[in-house]
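To begin, one chain is listed below as structure tokens, in the form predicted on its own.
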């Protein structure tokens, strides 16, 4: 009889030649457990998804209650489904007033695609601006925005009219013109190694978009829902976009994302043609119930208020000669080592010692740290101890 690993490799499409291959039997809080009962600290939250950890009781209860009522009933936008309505009402109440209309999707890359469509339709323009080392998903439109040629070169031709400019570089803003439908930007460049822009730069981007009639799209798929020390990072930078993208942790562990805009912008998909943007499963009732429960816990318990101090604790305990520097925005952190081979070896040792971490797409010498927001001080200290031990083993005890 074939093992689960053999079946996994045989029947599940692979995205690399060396998958992590950890077989998970259950998960709770910040911990994952394999089929042998070994416990692992999940230091990356399933890549910024499980902000309340795994199987949070409020989310589990919400999903169970909704599952007993109904799951799928009709394609998005036709039936009035209470979980969708309540979630849309709740999330828009947390945001600046212009962001008042929500379109639910299954994933962040679909939110990007939807935002591209409404930007083109609303402005009547076809060009886009994105940034070097940006990541907005991997479907065709989102891949066109992606700012790294290695990940896109073998999938060309992609969308024409996309220009990539340098992040946090004022002189490049002149490329935003009256032909630009929208500027897509992350409020922190996660996959580039957690690059945090100046607030003044973000204000300059907003001003340039205003001058040229260009829509500004903020991608908070990774930074949203408490990760950076506020419910949404846009709160701390004093800039309001025309369109906001949410995903990953937004769904509380279930597949849900969205793009949010003012009603005037979102309204372009209603006619000419009717059903201008449609989805079967976007806004699924179970997913919306999980998302609403998750947002309520984060907001009501103000879990984001402890993020800065927890990040400081990581920095205090991640002192090692092999670490070149650490960048972070709240509990989105990048630990810089010298090269990918050493980092990969460190990650493998960490896994052996019961800790899951990873690297970044465009910064493969950087260790990713993005733990559940509920991680305790003791768990942070334990995690850092494991990382230091792994560094000692890989680099030699310096």
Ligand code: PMP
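Since this is a predicted model, take the numbers as computed values, not measurements. Residue numbers count along the first chain shown, from 1.
Quick note: we don't show the form predicted in complex with the ligand, though the next part is all about it.
Visitor: Taking a heavy atom within 4.5 Å as contact, would all three of 107, 135 and 222 count as contacting the ligand in the model of the complex?
Guide: All of them do, each having a heavy atom within 4.5 Å of the partner.
Visitor: Flag residue 186 as yes or no: does it have a non-hydrogen atom within 4.5 angstroms of any non-hydrogen atom of the ligand in the model of the complex?
Guide: Contact check for residue 186: yes, within 4.5 Å of the ligand in the model of the complex.
Visitor: Contact with the ligand in the model of the complex for residue 248, defined as at least one heavy atom pair within 4.5 Å: yes or no?
Guide: It does: once the ligand is placed as it appears in the model of the complex, residue 248 has a heavy atom within 4.5 Å of it.
Visitor: In terms of non-hydrogen atoms within 4.5 angstroms, which of the given stretches 195-203, 165-173, 108-116, 78-86 touches the ligand in the model of the complex?
Guide: Result of the contact check: 108-116.
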